[in-house]
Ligand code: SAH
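Below you'll find only one chain, the form predicted alone, shown as structure tokens.
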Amino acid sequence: MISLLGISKEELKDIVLNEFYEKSCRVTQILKWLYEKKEFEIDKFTDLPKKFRETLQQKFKIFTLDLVSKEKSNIDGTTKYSFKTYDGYNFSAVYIPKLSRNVVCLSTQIGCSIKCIFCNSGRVDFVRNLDCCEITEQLLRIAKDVGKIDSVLFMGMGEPLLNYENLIKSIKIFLYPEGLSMSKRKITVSTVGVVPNIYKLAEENLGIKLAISLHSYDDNKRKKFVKNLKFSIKDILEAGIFYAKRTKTKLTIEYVLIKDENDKEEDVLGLIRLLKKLSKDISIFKINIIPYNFIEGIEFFSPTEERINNFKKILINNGFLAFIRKPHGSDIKAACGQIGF
């Protein structure tokens, strides 16, 4: 059986009109039950004819994932949801409550082929891409549990741009009015830099935000952190700058700060020189400094608070918009870089 959560509005319309011979208004009704009312039992779609509901139940299901566990942080209320797929694999999504907005961090793959050495997901062998329905279900299950979700981050397990088709399909479901009707500026895709698909994403004209997981200005040093990626830093940033200009958004630079590895003054000055060389308008950049979050078995450490603050201060003094990202859910292994099996 097919999940309704993996079907686009256009696909659903084709099925309703040409397979079930129903009126086109049925499409909007179904979508509203799923995404606005968050009702996940087809028999309760009460404004649909009973016979049509029975037909839908014979062809479609809604959920494909089992919720294995739900862990809530005692520090900040961050909640990690662990799911199991139909074929027996586990992955997680994270809910981050904030004062101004509720945020969900979604996974796009089971395992990760990039193998960033500071990331727990990189220690999990790549199995497969998550289907559109599995991506969408993460968000809906959490929204049903906690209420309205304001922002979506594709920053969980996996490299989103290596699951391009399912990523785009799920984003469109999040955006269209009959779906979740989210703001395009409240959706961010994080990538280590799959250059062709950054340009492809720009051509989609979705207007969502892009974050580049960078961590160094130097290719040789970055290769130590990001193992399985063939693109140079220059090529990645040029693609990111193109995306930002094309979509009129800021390009977020994510920089995991690791003690004695990439946290020195020479590192931040090298980053500044590179960004200024590639773009005369540095206002298009937003730099998120992410102090390394502890992962058992990895011999990395977070820098001192003084060094973290100095890194930020140098960026700001050179005209850049820079922030230090506070860890969320570190006590339940839900902070940036900690999500694994």
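Just so we're clear, the structure is a prediction, and the values are computed from it rather than from any experiment. Note that residue numbering begins at 1 and tracks the sequence as displayed.
Quick note: we don't show the form predicted in complex with the ligand, though the next part is all about it.
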Quiz item: Quick one: of 315, 62, 290, 56, which gets a non-hydrogen atom within 4.5 angstroms of the ligand in the predicted complex?
Solution: 290
Quiz item: Just one of 173, 94, 119, 135 has a heavy atom within 4.5 angstroms of the ligand in the predicted complex, so which one?
Solution: 119
Quiz item: Looking at 83-91, 264-272, 154-162, 229-237, which lies within 4.5 angstroms of the ligand in the predicted complex, counting heavy atoms?
Solution: 154-162
Quiz item: Is residue 256 close enough to the ligand in the predicted complex to count, meaning some heavy atom within 4.5 Å?
Solution: yes
Quiz item: So, in the predicted complex, is residue 30 in contact with the ligand at a 4.5 angstroms heavy atom limit?
Solution: no
Practice problem: May I ask you to check whether residue 192 falls inside a 4.5 Å heavy atom distance of the ligand in the predicted complex? | Solution: yes
Quiz item: For residue 337, is any heavy atom within 4.5 Å of the ligand in the predicted complex, or not?
Solution: yes
Exercise. Select from 205-244 the residues with a non-hydrogen atom within 4.5 Å of the ligand in the predicted complex and write them out in sequence order.
Key: 213, 215
